[in-house]
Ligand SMILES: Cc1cc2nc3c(=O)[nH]c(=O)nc-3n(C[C@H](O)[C@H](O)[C@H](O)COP(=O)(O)OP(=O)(O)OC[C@H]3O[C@@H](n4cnc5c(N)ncnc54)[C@H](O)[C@@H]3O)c2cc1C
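Single chain ahead, by itself, as structure tokens, in the form predicted on its own.
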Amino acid sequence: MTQVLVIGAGPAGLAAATAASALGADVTVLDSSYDLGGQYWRHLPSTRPTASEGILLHGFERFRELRERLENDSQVRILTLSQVWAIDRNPDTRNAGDSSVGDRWRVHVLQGVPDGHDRLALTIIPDAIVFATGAHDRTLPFTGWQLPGVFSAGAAQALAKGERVAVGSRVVVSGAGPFLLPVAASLVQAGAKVLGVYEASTISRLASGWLPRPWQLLGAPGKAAELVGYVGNHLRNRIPYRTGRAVIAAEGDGRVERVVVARLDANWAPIVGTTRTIEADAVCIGHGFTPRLELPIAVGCALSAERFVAVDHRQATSSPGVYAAGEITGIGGVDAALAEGSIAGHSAAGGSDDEAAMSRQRRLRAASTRFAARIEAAHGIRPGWSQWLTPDTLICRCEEVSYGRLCDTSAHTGSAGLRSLKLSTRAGLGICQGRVCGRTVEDLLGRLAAGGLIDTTSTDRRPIVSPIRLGELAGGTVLPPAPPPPGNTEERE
């Protein structure tokens, strides 16, 4: 019986697990959080339930359906509070009957409270892996972004959804992309006053991304309904929505007390003489998302030119036996994640391409992919943003590396190597290991180096995915397949 490991329990992971179990596979679902749902369906813990939980969560009934189906399926093992810290080859165990697959992978997991002293070390050796690890916010730096009161848009929404906590009483939302709208809605529902949403892209660029071929939007009707809901939220709460503007500085004595907003040109460069100061106690920033690539890179998955995991029509990666779904393959939203997850789980369990159910999922995936392309065309980061930096602006907050230090080190060393420049400046070497600043460090150093960076590596390559104690390396348990349900032993052999 095929053993399928799904890493990540957001929309893509839950859909993948459901599809794989429907074909009779033994499925293990693994997630680092306390509960299923991922960032999109983040909700209150079971110890603090509420009847109105679905108010902050789109498609919450769909989540309940998927969760209940998996929790009641004897073929599915769910491991929460479980963090993959490394993946390597298992040369002694091969997939029987399929020499093209080659060596299987050993997935090393720590199960327990993050940074706890009694975490259980597990090793899982599946026949197939589905990566559904999602993405995290990309936040472009600005002067003062290290102050308490500056939050990523995703963190602000997670606190609102998962804890019913508003990050401030008077909040400014800034960045680029449709995600700013649900963030503002979540903040209002958590009790904050949103002073404004500032979209960096100009009206002309938004129009060029969204208006061409409008008939293609008919394939994603749910998006229109969501937009209407967000517009209604803005109108009811009198939230200004300004395009071609961005927060370029945060100020305050020990925490955010005000932010500086400037108008931007089409390239996102600040226009001189257009700054405005707004009194606020919090600011939420989001400039799109960065896929979580550590694990796909560890197993040798090829990446696209846009730095997402490259997959074929079956959601198969370049690494045999490994599939990927959701935002690590492209930022397409929940509909794309659900469709891709269904296809990936079906394929990982050995399903046929020509089944009718997969045809429908492929149509949904195509519509969502076109929607994602519009998002990039309308809201993708433009290079002029670096002009709002000053020499004192911190680029790497963990190691307190300023933009001036990056520039000086690049100029004095003449280096074009990412690795050597990181070692020289310490940028990206702090506790987050470049998850927050890595893409920005690459971008800026690539501009400073004559001819660009020469490295073939990237800040997404992290062989040790999460911190692990030396004592935790000393032992571990190989996790066996899930036991068959009573009475079905012969059918499952």
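Note that residue numbering follows the sequence shown and begins at 1. As the structure is a prediction and not an experimental result, all values here were calculated from the model.
One more form of this protein, predicted together with the named molecule, exists but is not displayed; see below.
| Partner proximity in the predicted bound form: Arg292 to the named molecule, non-hydrogen atom cutoff 4.5 Å | Result yes; Arg292 sits at the interface with the named molecule in the predicted bound form.
| query | Is Val84 one of the residues lying within 4.5 Å of the named molecule in the predicted bound form, judged by heavy atom distances? | reply | Val84: yes, in contact with the named molecule in the predicted bound form.
| So, in the predicted bound form, is Pro182 in contact with the named molecule at a 4.5 angstroms heavy atom limit? | Yes.
| task | Consider Val261 of the chain shown here, and say whether it contacts the named molecule in the predicted bound form, taking contact as heavy atoms within 4.5 Å. | result | Answer no; every heavy atom of Val261 is more than 4.5 Å from the named molecule in the predicted bound form.
| task | Name the single residue among Arg382, Arg106, His136, Arg362 that comes within 4.5 Å of the named molecule in the predicted bound form, judging by heavy atoms. | result | Among Arg382, Arg106, His136, Arg362, a heavy atom within 4.5 Å of the named molecule in the predicted bound form occurs only for His136.
| task | Consider the chain as shown here, without its partner, and state which of Gly244, Gly144, Gly196, Gly333 has a heavy atom within 4.5 Å of the named molecule in the predicted bound form. | result | It is Gly333.
| query | What stretch, of 422-430, 61-69, 447-455, 24-32, brings heavy atoms to within 4.5 Å of the named molecule in the predicted bound form? | reply | Stretch with heavy atoms near the partner: 24-32.
| task | Taking the named molecule as it sits in the predicted bound form, which residues of 6-27 have a non-hydrogen atom within 4.5 Å of it? Please list them. | result | Heavy-atom contacts within 4.5 Å come from Ile7, Gly8, Ala9, Gly10, Pro11, Ala12, Gly13.
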